[in-house]
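Same chain, two forms, each on its own as structure tokens: structure 1, then structure 2.
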Structure 1
């Protein structure tokens, strides 16, 4: 059977923004395809969510399970792949995937969110999944009873430290700047712990191991003094980057790589909408991403009903 390639709407990404856009598109009976690497996105990584309406407390995994269950009550097609290109000609969008397929859409919603920033040091790629991890919530319990390092002194880094200091004999916190940037309450918790050693003004030079990580080489940025820390895991928590690379030929990105949108989730390119963390909307939260997804789908619906269907459109 020949795979259907033409859709009225393609949604790229199924985090909170894309899932909500999918629900709204389904309720408007728009012929929609969601192309995504996974379902849930960053929301899955949160150990506990206390700020999504309707739940006083819920784990990220459980909230995403409920989102997906809701989405799947509608007849909406999900394709698990990675979008690598997006272009537009004659009011029609072409969406290319990593596995070499091409889809065509009259409107597109980009809701591809953010991914963790890499350290870019030797050993990082080699030992990813073998001690190097970007999600303490997902992988933290695997390293209970072992010495670990957390890189990054912002809220995510301190979140990882507070989690790991309860289950590990020793936790090193490594921060490039001379000060930790996390909220004071979290800094206090880390400072008060006997088993946390905070190394500010320090960079990771290399991650070392054989089959798995066994240590990291760190360097004081002021003195150049180096030290090897024996750890079994490195939690990289140095920030997030927008997943917008594939869209740069069709829309102008801002200096952080985000897609600028107006309050209606319009990008300025007719038929192209963007929602959630991939946009320049400053509030990076689940409820905000979900709201943006709803706006984007409603915007796409209004656009599609007004826009004439190309005469050569394949249904």
Structure 2
């Protein structure tokens, strides 16, 4: 654990936005702490990335590894914890963690990303980690050779389908809407696969199993007809929720729980910046998050050099 409690800058989260902010903060020699529950965030979920400059193709895990290697070339401190509170008084921010500790900073960058939405159906909680998963990249190889279901017809859902259809005899794609929402190139791949069955206008009613998942009950939303699909895994890809609850007392959140920012990653609260998927920036892409992290760190630097240091500041 980190013993020091006062920092010029605290970065919350270490996905692409937070890591990039950390690198830029280190280059500006800002006394910085990164508080995060993991390194990489959602980027580690991608099996293949083809749109990050400098790499024609790279896995999410490998890209994050390179990010982390770059970050660790600098003397920057990481504390592995979950932030549960953020407050501000007299131009100083107080950051509380799940284990009861408190850190203090003159500036803060929120880059805490998003977490998966839940289906909210019977069996989901009981079988999480026993066939119900929210990361096909992490857990997909465990179900090679088995029938699986993917819930969600957006890009993350189709990404899971493309991964699993290469190693599974049967993949069911379940989407509540009548049309898939993913990019056309991904939809074409799924439709062309002989082992993928696409069920649109369909909802999951229940996840069934004993020790582990053995099937799911689905229902057509138009006809009410129900069907049991025999699967060993359910990959839930129905969207993400911003990890912003801890910041709601300091900054206004929009209707989706995102933190509104301007083009410089400023939140409107002096000294508070935000970057990546936790913000209202519409492009939820790794390269965009990294760019926003750089802007946030540079903004924080400009703020700090112009802001008087409190007379009672502890170094």
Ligand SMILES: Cc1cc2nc3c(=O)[nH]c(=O)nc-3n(C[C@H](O)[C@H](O)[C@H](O)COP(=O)(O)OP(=O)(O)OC[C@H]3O[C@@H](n4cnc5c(N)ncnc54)[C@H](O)[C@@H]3O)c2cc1C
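Every value quoted in this text rests on a predicted model; they were computed, and no experiment measured them. C-alpha atoms forming the largest set that superposes within 1.5 Å between two forms make up the rigid core. Residue numbers count along the first chain shown, from 1.
- Note on provenance: structure 2 matches the form predicted alone.
- This chain moves as two rigid pieces, and the smaller piece turns through 11° between structures 1 and 2.
- Superposing the rigid core and comparing between structures 1 and 2 gives a CA shift of 2.4 Å at residue 231.
- Its Cα shifted by 4.8 Å between structures 1 and 2, residue 192 is reported here after superposition on the rigid core.
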